[in-house]
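First, one chain by itself: the form predicted alone, in structure tokens.
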């Protein structure tokens, strides 16, 4: 292989790797934005939703031998219920909540979920079969797994569903109204408490899907939630808190930069890229690349 072709294949390989990882960061960032828009807080248990999705999928598809579509639906429903329970039992009962108090609650819930996952699934890594073939495809010298295509395709489907929900359904429009002005939405007859509960449900469901689709590639264990959560939060900040389209673009960008850093610098620095980008954005433009000074809300869709 001549030098230009070799360079092209390397770049393509890094892009494929970046799209694979970046799609997961994008989904995690969408979950962060969902709750941020409804409550104004950062849910630091978002990474644990991803872990629960992956571990429960392993149990249903491998230990119980359920088909992948059935296990997919049941896992998403399970984690969605966990998200609803989190809001009902830890967020909703708080009277006159402050942002700091609610954030501390989400950190506490994250620790509880992590401990529960360790007790139920142990400390070992868990893996599951790919959705389809595990044989790689070659494109201009670079290889890509069919599972990566699944990951990108599911991300695109969720983004499309997200846009449809918030623009063409009454419930979605009610959530947008609460995001823009919660007091005015309440005066208009919208039950803002239910909208907050729905935001936690949707956020947990999106996190579960992220965990389901990435587990066949990276394997899953109870400790992954913190790092996935940080990277998802980094993508949310980079894209502008509240701007979910920006979060998707930022998540993919972080994934590609990680892959490039692993290939051209060292794999030891790969996980640090998201943290470096997060710090740089907070110093230079705290509102994010696609965010306004007020942190764009769901109306940006």
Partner chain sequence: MQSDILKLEQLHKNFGGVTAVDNLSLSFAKGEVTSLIGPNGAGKTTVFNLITGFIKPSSGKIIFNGWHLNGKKPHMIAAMGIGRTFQNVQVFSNMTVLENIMVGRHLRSRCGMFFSSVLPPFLRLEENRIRSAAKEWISFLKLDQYADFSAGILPLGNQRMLEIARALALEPNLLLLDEPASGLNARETIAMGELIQKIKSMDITVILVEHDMELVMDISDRVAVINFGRLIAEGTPKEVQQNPDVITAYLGT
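Owing to the predicted nature of the structure, the values given are computational and were not obtained by experimental measurement. Residue numbers count along the first chain shown, from 1.
Just so it is clear, the following notes concern the form predicted in complex with its partner chain, a form of the same protein that is not shown.
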Fill in: Residue (of 112, 152, 230, 190) lying close to its partner chain in the predicted complex, criterion heavy atoms within 4.5 Å
190
Worksheet item: Among 158, 71, 177, 91, which has any heavy atom within 4.5 Å of its partner chain in the predicted complex?
Response: 177
Fill in: Proximity to its partner chain in the predicted complex (heavy atom, within 4.5 Å), stretch among 124-132, 141-149, 219-227, 164-172
164-172
Worksheet item: Within a 4.5 Å heavy atom cut-off, is residue 98 in contact with its partner chain in the predicted complex?
Response: no
Fill in: residue 195: touches its partner chain in the predicted complex, heavy atom cutoff 4.5 angstroms
yes
Discussion item. Residue-level question: is residue 120 within 4.5 Å of its partner chain in the predicted complex, judged on heavy atoms?
Written reply: no
Practice prompt. Answer with yes or no whether residue 102 is in contact with its partner chain in the predicted complex, where contact means some heavy atom within 4.5 Å.
Written response: no
